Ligand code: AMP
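One chain comes next, on its own, written out as structure tokens in the form predicted on its own.
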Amino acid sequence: MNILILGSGGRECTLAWKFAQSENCGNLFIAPGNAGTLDYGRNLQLNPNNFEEVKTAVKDYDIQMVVVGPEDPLVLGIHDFFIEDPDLKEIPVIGPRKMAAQLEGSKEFAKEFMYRHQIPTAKYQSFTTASLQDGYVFLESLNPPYVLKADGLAAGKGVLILNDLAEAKIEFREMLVGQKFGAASAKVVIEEFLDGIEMSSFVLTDGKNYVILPNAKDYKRIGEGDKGLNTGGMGAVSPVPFADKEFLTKVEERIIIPTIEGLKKDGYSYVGFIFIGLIRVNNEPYVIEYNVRMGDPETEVVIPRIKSDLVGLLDATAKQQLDSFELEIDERSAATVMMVSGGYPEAYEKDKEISGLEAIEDSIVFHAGTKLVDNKVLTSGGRVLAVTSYGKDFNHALKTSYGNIEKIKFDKMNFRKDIGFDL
């Protein structure tokens, strides 16, 4: 089977690494990919949001399955584009259709979905510039800290958590009136703050059946001790030590099953991954958010723990045969540490040469923001490399990753030295 992966980050590099191990994978293409994906397939220089470009590649390279990595093409409707095109409609796309992708594309849509299907989540209200004063009143009714979320996609940076009411009001106005996150904050969701510890649950569904993938916990803040600005993710571990059998049973019964059944009841066609951001409050699970694709850097610890053939798993998904697929999971823990450019998540320099990759032992290096120029690997993004290792527990896995990070060098590189500190 010829496969096209859309995307260019660590998530897509990890998927390519896993696909390349499959006997069911013929030619593998990654668009646009990065320096790391070149080890597993061929990079295609196209924009995943330009569906006509994607169509041309699918026809030119006889693609038989498209796996969508990032959220943008899904929210823009790439799956619908394939279904509605006579030349593409028989080619399976792993990722939900446009309406179902609103679970990530709109915070308000997701909240309404959860309320409709009695899925536990924080109480909320949503506001526009026309209801600015109502937003102030709602903020005053809450206890700090105050959670402000841009309704639309904001590249993982549209959430503010503030302790001061006056500051929260200023930021709320700045999001709506000042368009702090552009069109994404034309509507703002204000939530009550839930105090607990977070984790992520991953589900793959074929529209009827589902399988639960390994869970994970990622670390979003740039600084040690979860201080500083939010990033796309600085590291992750899997499985989550505090997620015991009792808690995971609650997650499945109260959240996963109602989510899958809710999508069916609402008539949304959903074929693909569902990322469920959870928080444990007094040992009870609540949903913080949905993503309609695998998370990053969680993918870099979840996918390595899947022992089953991933191409076979996704083929069963496309054929609505997940109920007959036996998913095998590696019992070992996996941990990843993200190496980032100096200055990230704010302004940072690119085109820094990376050395030491050939010296890595007992870890897998997944490229996130890299490019190959004149046979040299250079930085091309904020998050540059994810160094993933296995271990009998997450501490042993992290020890291996940190040992290998010492061998890698690029100018102004940065990484968190305390992944897993709260576990």
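Computed from a prediction, not measured in an experiment: that's the story for all the values here. Numbers for residues come from their place in the sequence shown, where the first is 1.
Absent from the display: the form predicted in complex with the named molecule. The rest refers to it.
J.: How about Lys220: is it within 4.5 Å of the named molecule in the predicted bound form, going by heavy atoms?
T.: Result yes; Lys220 sits at the interface with the named molecule in the predicted bound form.
J.: Test of understanding: in the predicted bound form, would Glu174 fall inside 4.5 Å of the named molecule by heavy atoms?
T.: Heavy-atom contact with the named molecule at 4.5 Å: absent for Glu174.
J.: Does the 4.5 Å heavy atom contact test between Glu191 and the named molecule in the predicted bound form come out positive?
T.: It does: once the named molecule is placed as it appears in the predicted bound form, Glu191 has a heavy atom within 4.5 Å of it.
J.: Could you confirm whether Glu108 comes within 4.5 Å of the named molecule in the predicted bound form, counting heavy atoms only?
T.: Result no; Glu108 lies far from the named molecule in the predicted bound form.
J.: With the named molecule left out of view, which of Val159, Ile119, Ala316, Leu88 would have a heavy atom within 4.5 Å of it in the predicted bound form?
T.: Looking at Val159, Ile119, Ala316, Leu88 one by one, just Val159 meets the 4.5 Å heavy-atom criterion.
J.: Among the candidate residues Ile303, Val147, Leu76, Ile256, which is the single one with a non-hydrogen atom no more than 4.5 Å from the named molecule in the predicted bound form?
T.: By the 4.5 Å heavy-atom cutoff, the listed residue in contact is Val147.
J.: Which single stretch, out of 125-133, 286-294, 265-273, 323-331, brings residue heavy atoms within 4.5 Å of the named molecule in the predicted bound form?
T.: Answer to the contact question: 286-294.
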